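Before any questions on how it binds or moves, here is one chain, the form predicted alone, in structure tokens.
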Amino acid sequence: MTIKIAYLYYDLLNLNGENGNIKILKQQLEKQNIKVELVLLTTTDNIIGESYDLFYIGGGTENHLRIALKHLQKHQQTIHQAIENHKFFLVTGNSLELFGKKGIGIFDFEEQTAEKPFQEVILETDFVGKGIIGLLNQKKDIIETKYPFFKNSQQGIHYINFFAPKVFGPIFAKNPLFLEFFLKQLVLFKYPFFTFQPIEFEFEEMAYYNYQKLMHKKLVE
């Protein structure tokens, strides 16, 4: 059994250690005895949508996003078709901009400038019982989206198997419950009868709950 991952713009979009998401996911898949074929793609490469089970794009600087966008525009139809064909996408941080009206236009959302600082947040989802912790860049706010990722914020999109939380992280390092959810969804989509070995995140969960308590304490204060 193999999961094939396309890591798009690995050399451009890796702000705040975003490549950690791929490292963590690969490690957990291999613990399940699933082979991972990781393909690194950049602006000189072609994108073949049906070749991959998962596309990953991390966050980056505005200049690097512009470079990536020029390449992504050439593959708009391929990417759109892959999304509609239920291929998995994980798009973190500000790379969600690439898919909006000012990007390749797959999702009908715009952003407005909001000069706010980076801050740690806990945002609720329908995926896991606990909130998701992440670093949110609020210099650009999504005005409105039909497919919100979070229940209490517009800062993200979830559509079919397209997951785009607009938080930096890496999100999998800070959120073991979301990692487990995403891992199982990805594997079961391709191998519906797969039997998972126990997934243990003892230290990760301890760190998550301690950090969550600290965040709630700060909010109360």
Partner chain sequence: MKRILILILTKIIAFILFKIQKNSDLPGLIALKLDRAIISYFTLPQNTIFVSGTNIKSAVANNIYQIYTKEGYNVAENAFSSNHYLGVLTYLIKNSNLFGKIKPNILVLKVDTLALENILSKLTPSHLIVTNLSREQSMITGHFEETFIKIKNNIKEPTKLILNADDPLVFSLSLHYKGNITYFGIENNFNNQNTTLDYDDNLDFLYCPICDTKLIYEKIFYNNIGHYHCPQNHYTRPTPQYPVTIDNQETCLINQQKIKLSEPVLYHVYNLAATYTLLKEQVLIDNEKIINHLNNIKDITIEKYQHHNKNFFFPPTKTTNPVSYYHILDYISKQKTPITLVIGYQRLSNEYIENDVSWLWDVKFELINNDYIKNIICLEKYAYDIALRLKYANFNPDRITIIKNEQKFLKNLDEYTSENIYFLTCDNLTKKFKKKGK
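Positions refer to the first chain, counted from 1. What you see is a predicted model, and the numbers here were worked out from it, not measured in a lab.
One more form of this protein should be noted, the form predicted together with its partner chain, which is absent from this view; the next part is about it.
**Q** So, Gly17, His64 and Lys174: all three within 4.5 Å of its partner chain in the predicted complex by heavy atoms, or not?
**A** The answer is yes: all three residues contact the partner (heavy atom, 4.5 Å cut-off).
**Q** Work out which of Leu90, Ile83, Leu135, Ile142 lies within 4.5 Å of its partner chain in the predicted complex, going by heavy atoms.
**A** By the 4.5 Å criterion, the partner-contacting residue is Leu135.
**Q** Taking 4.5 Å between heavy atoms as the contact cutoff, choose which of Ile160, Leu188, Ile47, Leu38 touches its partner chain in the predicted complex.
**A** Exactly one residue meets the criterion: Leu38.
**Q** Is Glu120 near its partner chain? Define near as a heavy atom within 4.5 Å, in the predicted complex.
**A** Yes.
**Q** With heavy atoms only and a cut-off of 4.5 Å, decide whether Pro165 touches its partner chain in the predicted complex.
**A** No - in the predicted complex, heavy atoms of Pro165 and its partner chain never come within 4.5 Å of each other.
**Q** Though only this chain appears here, would Gly156 touch its partner chain in the predicted complex if you measure heavy atom gaps against 4.5 Å?
**A** Judged by the heavy-atom cut-off of 4.5 Å, Gly156 is well away from its partner chain in the predicted complex.
**Q** Heavy atom to heavy atom, is Gln197 within 4.5 Å of its partner chain in the predicted complex?
**A** Close contact is absent here: in the predicted complex, Gln197 is far from its partner chain, nothing within 4.5 Å, heavy atoms only.
**Q** Hey, of 189 to 197, 23 to 31, 47 to 55, 148 to 156, which bit sits against its partner chain in the predicted complex at 4.5 Å between non-hydrogen atoms?
**A** Result for this chain: 23 to 31.
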